[in-house]
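Let's start with one chain on its own, the form predicted alone, as structure tokens.
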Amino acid sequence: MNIRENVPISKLTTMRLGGNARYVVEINELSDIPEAYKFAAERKLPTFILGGGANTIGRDEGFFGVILLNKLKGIDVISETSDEVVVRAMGGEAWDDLVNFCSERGYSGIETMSKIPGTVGAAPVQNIGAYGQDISQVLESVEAFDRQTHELVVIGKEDMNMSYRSTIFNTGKDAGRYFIVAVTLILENDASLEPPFYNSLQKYLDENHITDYSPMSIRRAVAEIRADKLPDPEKEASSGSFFKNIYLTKEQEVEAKNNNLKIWEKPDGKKMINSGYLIEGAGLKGAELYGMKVSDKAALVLINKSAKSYSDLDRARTEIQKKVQEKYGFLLEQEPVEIQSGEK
């Protein structure tokens, strides 16, 4: 178990903001998990679980506690038939490495989630999704360390209360209770998706005359789309999509139609408005506010161009929310989670 002291959170998160964490513990073996929680308990310190830091914001005051970095590695095919395959991946694997592993073998179900930054362990926490797929469609279960019972448990998808960017792992009384050790997915074997696809993906396929809908072909297409629209967190400080899209109630849907707003319908029939569409409509696409830039390619994304503190981000976020709410009546909700100080 590798323990470091006074580590800048800005070095652990892709937005590159945040003060120091009192301790950072790297979890490389299963046996490290109870030892890490014991280490924190002996010092009466709070804990925070972190993967790749792609959906997490550090604050200026840092974290007076113990950050647990999930570094557990391994991807295995548990079973395979002509129709389906069961894949188990450890929580510290990069999510995109898992997508590549599956796509190059012809396993279908997560290929449109290519190039989403972060780890496998973080994927079910946030219920990630992109271009018409989300992890809830293929997730069977997770293996996790329960910090209350100090036992390894298996949690089935039906017990995760999965909804848009929300699960028991990040919402409600059990948020932060589980350290995700491994994820098991059930994917289609030797299968291809069928059109029509998510709008921007379909447009790309049509414009490039692509009729190969195999997992690897779709993965390549999604990778190209994302590379054109979204900043590479290795090159530009960003947390990807910064605001959640807005899922409409019946009343909101009627009001949105009356105001001639563009409404998207999901495969499950739910109606939503893209928050980037509202930000662009409010005249903020490409705007730079307090060192934070609204991407000129995808207005849903904030890029840290020169912000040095969380307060800069806070002011930029507040101004964006205010202008969108004044024009459209919707209050945008931040997607990345924040590491609170941990001080009592």
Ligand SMILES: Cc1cc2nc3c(=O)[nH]c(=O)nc-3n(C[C@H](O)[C@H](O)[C@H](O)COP(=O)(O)OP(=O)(O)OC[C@H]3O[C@@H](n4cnc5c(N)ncnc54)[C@H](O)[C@@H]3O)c2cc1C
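Note that the structure is predicted; figures quoted are calculated from it, not measured. Note that residue numbering follows the sequence shown and begins at 1.
Here the subject shifts to the form predicted together with the named molecule, a form of this protein not shown in this document.
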*Complete contact of A40, P46 and H150 with the named molecule in the predicted complex (any heavy atom, 4.5 Å)*: no
If we test each of L284, A54, A298, L289 for a heavy atom within 4.5 Å of the named molecule in the predicted complex, the one that passes is A54
As a check of understanding, the residue in K271, R88, R105, R226 with any heavy atom within 4.5 Å of the named molecule in the predicted complex should be identified as R226
Given 243-251, 126-134, 260-268, 193-201, the stretch touching the named molecule in the predicted complex at heavy atoms within 4.5 Å is 126-134
Contact between G121 and the named molecule in the predicted complex at 4.5 Å, heavy atoms? yes
Can you tell me if I27 lies within 4.5 angstroms of the named molecule in the predicted complex, counting non-hydrogen atoms only?
no
Next item on the list: Give a yes or no for R165: in the predicted complex, does one of its heavy atoms lie within 4.5 Å of a heavy atom belonging to the named molecule?
Entry: yes
Query raised in the report: Heavy atoms within 4.5 Å of the named molecule in the predicted complex: does A221 have any?
Result: no
Those residues of 173-190 with a non-hydrogen atom no more than 4.5 Å from the named molecule in the predicted complex are Y178, F179, I180
